[in-house]
Structure formats: structure tokens, C-alpha cells
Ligand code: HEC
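Next up is one chain by itself, shown in C-alpha cells, the form predicted on its own.
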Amino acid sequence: MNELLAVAGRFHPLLLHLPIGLIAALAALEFLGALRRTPPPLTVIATLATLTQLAAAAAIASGLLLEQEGGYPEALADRHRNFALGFFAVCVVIGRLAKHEQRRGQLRAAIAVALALIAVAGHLGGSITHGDDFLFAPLERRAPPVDRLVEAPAATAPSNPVAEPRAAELDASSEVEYAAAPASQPPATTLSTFDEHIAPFFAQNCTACHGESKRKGRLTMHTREGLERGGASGPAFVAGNAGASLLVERMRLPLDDEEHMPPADKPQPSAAQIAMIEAWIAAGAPFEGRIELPVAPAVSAPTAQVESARVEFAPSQRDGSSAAASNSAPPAAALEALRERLAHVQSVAQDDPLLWIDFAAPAADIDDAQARALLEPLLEHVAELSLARTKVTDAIGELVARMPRLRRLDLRATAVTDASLAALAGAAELRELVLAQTAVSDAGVEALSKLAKLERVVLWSTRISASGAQALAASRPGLALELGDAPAAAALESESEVKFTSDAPLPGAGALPAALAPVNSVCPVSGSPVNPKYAVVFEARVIGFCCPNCPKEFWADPKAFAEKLK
């Protein structure tokens, strides 16, 4: 395809909004005109109709060019194109009806039809770029039942840790999905390395956005052909060279980089899983046969049950902790439940799969029971937890104490007391504790001193007295205490007093020779300060005035101003 035509096609996302806005303007004018019983002039309607036709033609032309690049679901693309062409045809009819006042009713009916067609075309366009469930997906989401989260059923290991194949009849020219065989097939040892390990990884982490129904960046990863073809940014991988492969590069980007994949709000693959993909690519990215992988975690495709794929996590490198990370991935259902409640959840770092969970958004609605239901399935995976400003009480202490890898805990502005601190003795890895704006008092100092790995504690606006803080500092010399009592900063320098005076010359008045300096400082005519720019010589003296008009009045009768010049 010609490069210039390809560029023109990529203007489609911009151009498609023009006919939408114009047809909406037409509808608004006719609707308001009908309400007020004063229809807008047909000349205005006809002009808008012509502009709508031109905009629709441009949008359709760019869309047809964009479609030629390929990578879009064929059925959806066909329907989207047909509805768009139907919209253009109705726009042509609107242009003709707008020339006749007696056809006003038909004109309004045609505008209504155009609105319906553009709505359907827009929905299909969204489905092409974001997936079939884009529009109504939020209505279909349901949080898992609380009892299911409190005690997740034991996951029964499937006999084959790969996804079920999609039932479909494919002809010889179709793309063949690489989904592995069902459980009734032979043991996993007879499968290729790709089917056993790589395909399930893609199914769990990638194909939701790069699959059959959603093809972001025109990349599909649910078929071998799609992986080999790549997307808008180029090939997904370079066989034999993992370092030059876009797939690996995107996974290795910092989590806050907008091009990092999977997106930051999605579950992240572990370092071991990324290493597995790198090893597969370095071995030539074979789709057949078996190869030796340095790490071969079994990844299961999502099922209806609350179960997690068994994967190997790298030990945390964030703070030098020697504790090994959990041997299982966080349950997908538990993570989805947190997101449904608008809680923030992500890995604490790219090389650290443990979780940072923050309830800042739903804080006003989170109490002990809800926090317990949401966190119970994730106890082994939490490294940083913020319950600030939630409604939790001392009852949460027991749950937090059962988080063996918890490193940071924020209980600011909650109802916790000293009783919670005693329960925190079980949080052996706790490094940072925020207790600001709580009822913690001197009675909790001893419990704080017993947290062996605690490095920093925030205690401002609590009931801990100065003596209690001193006792805590004495018992734990290396502990950083933040009490909100830092001394006020001393001023290093200040400006001298500013004084205002009228002694300075007026703007634009330069220095004059002494012989030309006016003998007076006040204009004899107006009484205003003298501007040396306006001066005359009278009786061998230089007389100054405030403006060019005053000398005229002075020359008319100099003796009248003689007294003012003495």
C-alpha cells in the first residue's frame, strides 16, 4: 500500500468526529425549532447538510484506506463500513430535503435515521478497536461474593495447564488458533513447549487486548499467524534475538511508562515468566517441538473458579528482603474484586511481584468486614497497604499481622488504638508504619519498640507525649520518628525596608547640565512637579513647567506668576 495513502487512512480517527458533530448540530437546530415553533432557516440547514456530506465522505474515504492495512476483525469491519455508507446516503437525502420547506417533516425523520445509523456505526467502530464488550462491559461486571473471597476454594490442578481450544471450523486459509489441547489429550509432556508454556502465558496476559475480538495496535496474539505478522509498531519478536524483540522490550519498560505491557492496571507477569519468554525467543521462537527453558512455570488460562496459576516469583529486590516471594500468583478474582471497589492495586516494582494496595478512592465505604473480605485471599502477596481514612478499627490488626511480606502500612486517620499495635507483632517484615491522626498513645510505645525491622514511624497528631516519644527513641536508636514538631525554619536573609520618594526624576527625563536646570521644582502655572523637558528662559533664568501647555499660559502674562518664582 502506498505510504501516503496509509498516512491519509490514519486520519480516520480525527475525521470521523466531524460528521458526528455536524449531524448533532442539525438535530439540535431542528429540535429547538420544533419546540419554539420557529424552524431555523432552510439556508442554514442546507449549509450544515452539505458540510455533513463532505465530512462523511472524508471520514469514509480515510476509513476505507485504513481498512486496507488489515488487522481488523473482518465481520465487524464489514458491518461498520456498511452502516457508515448508509449514514452517508441518508446525509445526501437530507441535503435534498433541506431545499423544500414543505418537506420539513421528512427532513426531521431523515435526521433521526442518520443519528441512529451514526450511533450504530460508532458502536461498531468502538468494538473494532476495543473489543465486542466495550460498550456494555461495565454493566456486566459483578464483584465476587464476599464469602467466596473470605475462603477461596482449593484449586484443583488441571491435568493439563493450558486453555481449552475454541470450537470453530476453520478452512485451510484461516488463521489457526494455537490454543492447547483439552484435558482429554495426552499428558503435557507430549505437547510442544509453546503449547505447554508460551501459549497459556499469552492467553492469560495478552489476548484480552490482542486477540480475536480486540486487536489493539492491530496486533493479534491468539494465533501463530498473528504473532508472526506483528502489529502497527512492527514484529512482536525477532526469532533468536530476545533483546531486539518488541514483546520483551515492552514488558521490561518501567511500570509507569505508558508503553509498558501489560498496562499498569492489569496483573503483571513475574520476572521468571518474562525470562521464560526471552528464552523461547532466544531459542528461535519455535512453535513446534520442545526446548529447554530455564524457568518453566505452568500458566493456566482463567477458569470460572477462583484459582491461580502456579508461577515462580523472583525474590523481592526492593529493600533487600531475604524472604522468598509467594509460589503462586495473586488470585485473579481477588484482584478484580479490588478494582471493582475502585481500590488501587499493582506490583510494587517491575522486578517485585508483591502488591501495593491503596483504598484511598473508596475509603469512606471500607470497614473491617469489607477490608477483610477483599484482603483475605491476598495475605501472602501484600507488600504495601494503605487503609488511610477508612472505617477500620482495631479488628483489622489481626488480619494485617497475618501478612508475612508486609513492608509498609498506612493507618492514618483511622479508628485504630494501642490494641492494634500489639497485634502487629506478627508483621515481621514491617519497615514503615503511618499512625498519624489516630488515638495511639504512650501505652503503645512498647509494642512499637518490639517491631524489629521497623525503620520509620509517623506519629504526628497522635496521643503520644514528648516523654513517650523520647522513650521510643531511646529503645530504638535507629528508628526515624516523625512527630510533626520540626522547628520553624530561621530566615537566612531579608530585604531592607522599601521607601518611596518623589525625588527621582520623572520617566523619560534625563540628567541636565547645571546651567540648564530649572530654578523651580514646582510648575508656576499648575503647581505640579516640574518636568525639565518643558522649560523656557525668562529674564536669564530657566523656568520649568509640568507640560507643554503651561508655557503658553505663562507667556501670556509672566508677571502674574512672578510671585511663584521667587
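Counting begins at 1, following the sequence as shown. Only a predicted model underlies this, so the values are computations on that prediction, with no experimental measurement involved.
Omitted from view is the form predicted together with the named molecule, to which the following refers.
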TL;DR on 335-343, 219-227, 424-432, 403-411: the one with heavy atoms within 4.5 Å of the named molecule in the predicted bound form is 219-227
In this chain shown alone, the residue from 98, 293, 242, 209 with a heavy atom within 4.5 Å of the named molecule in the predicted bound form is 209
Residue within 4.5 Å of the named molecule in the predicted bound form by heavy atom, from 279, 373, 348, 251, is 251
- prompt: Is residue 121 a contact residue for the named molecule in the predicted bound form, using a 4.5 Å heavy atom cut-off?
  reply: no
Problem set entry | the named molecule contact in the predicted bound form: residue 86, any heavy atom under 4.5 Å | no
How about residue 262: is it within 4.5 Å of the named molecule in the predicted bound form, going by heavy atoms? yes
Can residue 194 be called a contact residue for the named molecule in the predicted bound form at 4.5 Å between heavy atoms?
no
Applying a 4.5 angstroms cut-off on non-hydrogen atoms, the residues of 535-562 near the named molecule in the predicted bound form are none
